[in-house]
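There is one chain below, alone, in structure tokens, taken in the form predicted on its own.
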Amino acid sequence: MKINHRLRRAVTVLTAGLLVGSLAACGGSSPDGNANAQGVGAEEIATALQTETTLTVWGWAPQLEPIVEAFEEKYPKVKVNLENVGTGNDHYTKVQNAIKAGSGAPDVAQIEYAALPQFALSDALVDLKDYGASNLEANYTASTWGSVNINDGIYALPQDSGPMAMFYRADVFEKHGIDVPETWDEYIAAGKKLHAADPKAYIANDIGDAGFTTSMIWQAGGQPYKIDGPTTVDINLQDEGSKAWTKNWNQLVEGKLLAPVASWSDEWYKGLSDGSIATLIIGAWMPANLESGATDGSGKWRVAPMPTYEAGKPVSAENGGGGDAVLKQSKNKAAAYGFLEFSNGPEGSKIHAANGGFPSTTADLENPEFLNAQSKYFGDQKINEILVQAAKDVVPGWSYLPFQTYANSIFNDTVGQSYGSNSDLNPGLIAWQDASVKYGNQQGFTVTAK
């Protein structure tokens, strides 16, 4: 079975008690990185890494295995039990259940950026400011660092990132005389031309995906989620960016120009292999998935910047990615934080990138060896040049809901209905907004629709 190890969507509904009981608990950490009584300084972290200790880490990223091996080699007194308890819903359900039970949680858990606010607000995660994490900001891209900063706390260290780009089949474009689109207008025109020439071919697939939708709104300049403090939330899925995206994407949805195929299905991989799905607008972590899952496409795929709304003005957004957090249940917090600094610092990030991950660390993104690496699968293209530039072009200021995992879980019941009927996406977005507002207020947040 093909496994998407970067773009797993959290669909777990965290219980009301987990959220409501701790909304007020997420604002009490010291602004001084090492001064909080609950935290420790660098010397104590170093001592913990030289002490006989066992850490449990829950995560699904394949890069974690070689990272753990290197960590244990450097710190032989620390044994790391790496456990893959599932991806997406399975992973988050088990983390949630351990939090609710008050025992059984790992020391460290991999958590995607979209899911992080929900766990941070449940008061389940250690504020890493108390361990000196504030000093690491310059090491990471602005978008990933912003994603782990929640309510003035730092609740994870970034592991990977997913700046968006356009992956496309060069052979399909050439066969049908299609130029690589630079704007969304050109992209839609390409979709119409391709499907007219070959009714079995589509410019892309999309049957509705919450993470893709929020990323596309992000790239369009939308900021539908405004968070003010720990409990006040405004939602506006009809803001300027949201409307800009639906104005374009509606043409593909209503025109039945998108392959009715679920991403990560066998049918999807078949379409990527045979060229009947000609492009993917997706995060920079995608190459490894294509190489393993669409082997027949080797040498035929290329990477280009994401189409934009205005020619000559490159703009991107993040799609997927996540970091590693320390659970408050951990009895070895200093050693657990030491593991985070290793796995997401200079040593671990190099291992991560060498094993197919797309880094969030600025040093690795600026490394000439990384930038100039040629990919045989992509026709010897230096794809990292495109992907690194995409990371620099991410629109700043994005926020996720503090209950984004729940909101994503009801996407198919709301926006999904528009996809199912090939109709205007805006009523679906409004329904998604209304349902999210209702849920948030039930959980003790003050949520309004703008």
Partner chain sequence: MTTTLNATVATEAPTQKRSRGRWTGWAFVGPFMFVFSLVFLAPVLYAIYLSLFQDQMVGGTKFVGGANYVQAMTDPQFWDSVRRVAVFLVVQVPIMLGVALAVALAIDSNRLRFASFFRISIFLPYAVPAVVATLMWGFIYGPRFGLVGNLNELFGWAIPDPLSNHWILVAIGNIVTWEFIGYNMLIFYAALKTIPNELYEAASIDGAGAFSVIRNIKIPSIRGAIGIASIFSVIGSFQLFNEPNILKSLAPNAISSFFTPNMYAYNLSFAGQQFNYAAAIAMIMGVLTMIVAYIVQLSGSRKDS
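Predicted, not measured: the structure shown is a model, and the values here were computed from it. Residue numbers count along the first chain shown, from 1.
Another form exists, predicted together with its partner chain; not displayed. Remarks below refer to it.
Peer 1: Would Ile207, Tyr406 and Phe445 all count as contacting its partner chain in the predicted bound form, using a 4.5 Å heavy atom cut-off?
Peer 2: Yes, the whole candidate spot contacts its partner chain.
Peer 1: Heavy atoms within 4.5 Å of its partner chain in the predicted bound form: which stretch in 40-48, 397-405, 378-386, 54-62 meets that?
Peer 2: The contacting stretch is 397-405.
Peer 1: Only one of Asp179, Glu310, Asp266, Glu73 comes within 4.5 Å of its partner chain in the predicted bound form by heavy atoms, so just point that one out.
Peer 2: If I apply the 4.5 Å criterion carefully, the residue I get is Asp266.
Peer 1: Under a 4.5 angstroms heavy atom criterion, identify the one residue in Thr246, Gln96, Asn289, Asn139 near its partner chain in the predicted bound form.
Peer 2: By the 4.5 Å criterion, the partner-contacting residue is Gln96.
Peer 1: Please check if Ser423 has a heavy atom lying within 4.5 Å of any heavy atom of its partner chain in the predicted bound form.
Peer 2: Close contact is absent here: in the predicted bound form, Ser423 is far from its partner chain, nothing within 4.5 Å, heavy atoms only.
Peer 1: Quick check on Pro66: any heavy atom within 4.5 Å of its partner chain in the predicted bound form?
Peer 2: Pro66: no contact with its partner chain in the predicted bound form.
Peer 1: Classify Thr231 as contacting or not contacting its partner chain in the predicted bound form by the rule of any non-hydrogen atom within 4.5 angstroms, answering yes or no.
Peer 2: It does: once its partner chain is placed as it appears in the predicted bound form, Thr231 has a heavy atom within 4.5 Å of it.
Peer 1: For Pro260, is any heavy atom within 4.5 Å of its partner chain in the predicted bound form, or not?
Peer 2: Close contact exists here: in the predicted bound form, Pro260 approaches its partner chain to within 4.5 Å, heavy atoms only.
Peer 1: At 4.5 Å, heavy atom to heavy atom, what parts of 398-423 sit next to its partner chain in the predicted bound form? List them in sequence order, or say none.
Peer 2: The stretch 398-423, when checked against its partner chain in the predicted bound form, contributes Pro402, Phe403, Tyr406, Ser409, Ile410, Asn412, Asp413, Gly416, Gln417, Tyr419, Gly420 at the 4.5 Å heavy-atom cut-off.
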